[in-house]
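Next up: a single chain in structure tokens, the form predicted on its own.
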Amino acid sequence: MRRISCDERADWRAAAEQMGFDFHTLDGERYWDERAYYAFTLEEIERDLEAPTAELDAMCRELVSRAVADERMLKLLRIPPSYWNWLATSFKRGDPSLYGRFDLRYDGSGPAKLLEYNADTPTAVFETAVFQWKWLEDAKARRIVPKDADQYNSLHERLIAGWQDIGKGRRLHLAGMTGNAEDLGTLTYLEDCARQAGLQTTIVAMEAIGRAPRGGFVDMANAPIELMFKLYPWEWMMREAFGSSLPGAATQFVEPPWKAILSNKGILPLLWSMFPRHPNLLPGYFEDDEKAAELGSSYVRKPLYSREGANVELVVAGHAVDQDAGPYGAEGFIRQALSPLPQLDGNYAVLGSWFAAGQPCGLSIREDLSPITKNTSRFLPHAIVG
């Protein structure tokens, strides 16, 4: 794994906007950054990223299988008891998942380590699946990368295949915070994938969803919502005014209800207890567990529920060396062994390994001058060059 500086395309902003990538710049700062790219060998991809991603997914499904039969685990995850049976039914019924992203610590030597799992509402989908592939094609033409360079990236094709399997020709509603440029861009891209899979689609603002007298969900035209993709976290939905209607609704949700178990940093200590010393896991404990003392005075403190690094704290020798503010933490915290991100040319890099339609299928890289990856962290492309 190497970070290689290169010239950016003079027209990349225009190209991004032409392709619908309107959030390439956030608050006046680059989000997409092609002044460098990350180079990998095929062996690094297949052995160190692709294979572990498949294994991590299997481990997570084993965790859900145990959790739905163990109230102790559901309590540790602070999932409201009124939803326990619903989550168990969803998993036992085999409600399908479309996608997820494992965030990994990897530097090209030694096994990748799981930092967290974005199991419910992962973004950075369009830039991973489409725009960085376009960058690769242009980079070949510009001789930035070798002509035989490749990319670990079949995410677009896997999303279409996933919608074909899940949709079965039904109308799909895609719901989220449509006033947010990144969320709307994600919804629009996933809508395009669903249309390519043959589905009819409607994008709807989350606040515009209504509830029918019998408890079902409807859109602005009072049409029943049979199948819904929600770019809105389960823990938020459960606490909304309509949350109590979720278990009784006929709507099929993507991501499915059982993903609420995995969309929680409490899975990190649970996975460690289930698979101790696994090469792709870091030691982790709930903060109120006496075993947390085994981590000593250096660790990462994470809320059970958090997005984009909010309320994460890096503690070294008992002192917080980096932290990000946010609204999370009321449900509790976990502590994870400190495993600093690799720093290349002054930048900390975290790797996102994608899993869609049942297969590992792509790689995204986020970079920051800070060791905590945030919503403002830059996205850089990658290539397989050896």
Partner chain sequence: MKRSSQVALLLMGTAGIGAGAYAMTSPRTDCVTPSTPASSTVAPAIGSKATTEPCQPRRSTSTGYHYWYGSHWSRPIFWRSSSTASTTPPGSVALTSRGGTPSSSSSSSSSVSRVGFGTTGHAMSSSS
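Keep in mind it's a predicted model, so treat the numbers as computed, not measured. Numbering follows the first chain given and starts at 1.
Keep in mind that the form predicted together with its partner chain is missing from the display, and what follows is about it.
Q: State yes or no: in the model of the complex, is some non-hydrogen atom of residue 196 no more than 4.5 angstroms from a non-hydrogen atom of its partner chain?
A: Heavy-atom contact with its partner chain at 4.5 Å: present for residue 196.
Q: Test of understanding: in the model of the complex, would residue 188 fall inside 4.5 Å of its partner chain by heavy atoms?
A: Yes, residue 188 lies within 4.5 Å of its partner chain in the model of the complex.
Q: Residue-level question: is residue 331 within 4.5 Å of its partner chain in the model of the complex, judged on heavy atoms?
A: No, residue 331 sits far enough from its partner chain in the model of the complex that none of its heavy atoms falls within 4.5 Å.
Q: Is there a non-hydrogen atom of residue 137 within 4.5 angstroms of a non-hydrogen atom of its partner chain in the model of the complex?
A: It does: once its partner chain is placed as it appears in the model of the complex, residue 137 has a heavy atom within 4.5 Å of it.
Q: Using a 4.5 Å heavy atom cut-off, which residue among 118, 298, 154, 251 comes into contact with its partner chain in the model of the complex?
A: Selected option: 154.
Q: Among 224, 247, 111, 146, which has any heavy atom within 4.5 Å of its partner chain in the model of the complex?
A: So the residue touching its partner chain in the model of the complex, by this definition, is 224.
Q: In the model of the complex, does each residue in the set 22, 171 and 236 place a non-hydrogen atom within 4.5 angstroms of its partner chain?
A: Heavy-atom distance to its partner chain in the model of the complex: all three under 4.5 Å.
Q: Look at the stretches 156-164, 289-297, 258-266, 71-79 and give the one with heavy atoms within 4.5 Å of its partner chain in the model of the complex.
A: Answer to the contact question: 156-164.
Q: Where, within 211-247, is there a heavy atom within 4.5 Å of its partner chain in the model of the complex? Residue list please.
A: Those in contact are 211, 212, 213, 217, 218, 219, 220, 221, 222, 223, 224, 232, 236, 237, 240, 241, 242, 243, 246.
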